[in-house]
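Below sits a lone chain in structure tokens, taken as the form predicted alone.
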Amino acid sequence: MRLIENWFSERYSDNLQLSFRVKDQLMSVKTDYQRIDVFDTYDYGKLLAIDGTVQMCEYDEFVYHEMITLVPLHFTREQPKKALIIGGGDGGVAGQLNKAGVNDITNVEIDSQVVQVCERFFPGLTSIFRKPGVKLLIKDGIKYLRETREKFDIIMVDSTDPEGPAEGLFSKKFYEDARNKLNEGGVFVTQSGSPYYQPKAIKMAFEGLSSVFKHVRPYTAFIPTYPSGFWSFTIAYDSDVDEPETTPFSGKYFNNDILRGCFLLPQFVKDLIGVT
């Protein structure tokens, strides 16, 4: 991360970075797990960064939160009633799930200060944590999933990249634990990084999930403030469900065309994960 002359820059490589002109730096805190910064930018509103990487901006957060939530809902055998979110301390995923009719939500976030910062600067998202049926736990999601006796219809991992505290969220053991805690007909989904600048993440997700689940489907979305603007998610499930053609849900980004098109992968992504 660089902040020079009122610019915040996320560096993708030694030769490339994406920069945002900022009005002000609103917050900077070093927690037990990571560094959290909040900037007020000119073009994207308030921006949340963790360890120097953009996590969310006010003006395009809807793309990420709709895509990680609304796509996998079409691959559950029945309408999900009970969901687990690991990460997601900003409340965006829980909010989208609730809008889609999921009313029993457990959200496990490892870093309490992520929630506190988002409550201060993104209250429209974190307000979901005050709704009945939404339970926020400040715990290690890997340990929680391993030890809980509860089962879920859908498990979502809204994490940072597979480095540091989030690396275990991309492991085969974690995926096995997730499969064991899904109800019959349930679905698992994780963010899996930029195929262009973070090939490690999508490869780890695809290969690890493929060794555990019967069906594994990467899909993509356009998110302007993420590396290259091209982002991936990966869903996994065991049930043989029909390919969805229409959706009862629509948002600012998600619609019928996106549902059908998001699974059409560029050849370089197919080559990366080894599918035809």
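Each residue number is its position in the shown sequence, starting from 1. Source: prediction; values computed, not measured.
Only in words, not in the display: the form predicted in complex with a small molecule, which the text now covers.
J.: Has each of 66, 95 and 125 got a heavy atom lying within 4.5 angstroms of the small molecule in the predicted complex?
T.: No, none of 66, 95 and 125 comes within 4.5 Å of the small molecule in the predicted complex.
J.: Tell me which stretch of 166-174, 95-103, 76-84, 200-208 has a heavy atom within 4.5 angstroms of the small molecule in the predicted complex.
T.: Result of the contact check: 166-174.
J.: Does any part of residue 231 reach within 4.5 Å of the small molecule in the predicted complex? Heavy atoms only, please.
T.: Yes, residue 231 is a contact residue.
J.: Using the partner position in the predicted complex, report whether residue 111 sits within 4.5 Å of the small molecule, counting heavy atoms only.
T.: Contact with the small molecule, yes.
J.: Taking the shortest heavy atom distance, is residue 181 within 4.5 Å of the small molecule in the predicted complex?
T.: The answer is no: residue 181 has no heavy atom within 4.5 Å of the small molecule.
J.: So in the predicted complex, is the small molecule close enough to residue 48 to count as touching (4.5 Å, heavy atoms)?
T.: Yes, residue 48 lies within 4.5 Å of the small molecule in the predicted complex.
J.: Of these, 117, 136, 142, 71, which has a heavy atom no more than 4.5 Å from the small molecule in the predicted complex?
T.: Spelling it out, the residue with a heavy atom inside the cut-off is 142.
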